[in-house]
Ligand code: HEC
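What follows is one chain in C-alpha cells, specifically the form predicted alone.
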C-alpha cells in the first residue's frame, strides 16, 4: 500500500522551511530522514524518502518502493572523500596488460584488490578494515536512482535474444572508487550544491569497480535447465513496488588509471559469472571476459570476419561461453549486460560535460564511417566532442570538459546541472547552475543509467 503524507504526519519531529524531518521513517538510526519531491526538494507533502547520513543523500526513493515494515539494512553513501595526494598499493602494476600471457593476471589482481575485505563486509565500505572505498554522490534520481538497501542503480535492460534470454530482464549495479579515485570526487563536489569541473582528472592508480546483478531466473532463458547464474551471490533490493526483489551477480567491471596505457591512460576490463567454476567463495567465480587499453580505431566487422587481431584489447581464453557470444562491436571487449553496439572503453570515452553525445552509436549511425567516430582513441583529458541526432560530429560552441572516462560523474553532473535535481542534505539546498550556461539554451539529452 502506498505510504501517504497523512499516514506519516504524526511522525514529524520538525518542519524546517519546507523540509519534513521525522524520527520514525524507515532509514538508518544515525541518519536524518525527510520527505522530498522526486528531484530532492525537501517538502512536507513529498512522496519520496531521503536519507542523509552525510553531506550528500544516501538515497532518495519513491515511498512506493519502501516495503511495508522494512527495518533495514539501509544503504549509506561512503562520502568522506580524501583531499590532496593519496597513496595506495597497486598490485596490478606487477603485470603487463598488453601481454596475452599476463592480461588475466592483471585482471585478477584488480578483482582481488576490489574484493579484499569487501566480501566479508557485504560491500559496505565502512565495514571494510582492509582499504577505503567510496561511492559517487547524487546518483539519486529518475529511473537511475539508488535503492535504499544496497545502493544499486538501474543498468541496461537485457532483451530477448541476448545471452540466451527469452524475456526482458532488469539489471542493477553499484560502483566503488578507491581512495585515489575518490580524491577527484572530493575536489569536484567540494561545494555540495554546485560542482566544480575545472579539474576532473584522476591520478595514476585511481581504480573503480562495479558489480552488476540481474533479475534473470531460469525460466527467462531458452534453456532453463542450464542456468548460467546457478550458485551466484544474491542480494535483496528495494527496486519494486512495496516489496524486495532478488538480484544475482552476473558481471563485474573494472577500470584503472595506468600511466602505461597510451594514449588515454586507462585500462578497462570486465568479468562474467561462471556457474561451472568451483571457487569456494561464490564471488570469486567471476571469470575474465577481457580488457582494453585502446579502442582499435578503424577496426570493423570486416576485420573481425577476416580474423585480424585486436591490437588494443585482449579477449580472455577464460571467457564464459555466453559472454563470448555477447562481445562489443566487431568483437571488442564488452560485458554481458553491455550494449553489443559499443565497447567498454568507447562508452566511457563519451563522459564529458555538457553531455553533447549519446553514449553509444544509435541507429542513425548508419555507415561504418559514422560508427567509427565512436571508436577513436582519446588523449588523456580530451573531451569526446559533440554528436548530433544524425550521428554527425559538430563543433560545440561552448567549452566541453572531459570527465576522464567517468560516466558516474557524468550522471551526477547531469542530474544537478541539466535536470535541476537538488541535494536535500545541506542546510540550504540549492540547484546548481551549469558552468557551461543555462540548460535552457542548449539541448538536454536523456539521463544516462550507469
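Numbering follows the first chain given and starts at 1. Here the structure is a predicted model, which means the values were calculated and not measured.
The next section is about a form of this same protein that is not shown, the form predicted in complex with this ligand.
Contact with this ligand in the predicted complex, defined as a heavy atom within 4.5 Å, holds for exactly one of 285, 150, 248, 210, namely 210.
Between this ligand and the residues 296, 253, 356, 258, the one pair within 4.5 Å by heavy atoms in the predicted complex involves 253. The putative spot formed by 53, 58 and 137 is not touched by this ligand in the predicted complex; no residue has a non-hydrogen atom within 4.5 angstroms of it.
From the list 268-276, 90-98, 306-314, 220-228, the contact stretch for this ligand in the predicted complex under a 4.5 Å heavy atom rule is 268-276.
By the criterion of a heavy atom within 4.5 Å, residue 409 is counted among the residues contacting this ligand in the predicted complex. By the criterion of a heavy atom within 4.5 Å, residue 338 is counted among the residues contacting this ligand in the predicted complex.
Proximity of residue 342 to this ligand in the predicted complex: non-hydrogen atoms within 4.5 Å are present.
Residue contact check for residue 445: none of its heavy atoms lie within 4.5 Å of this ligand in the predicted complex.
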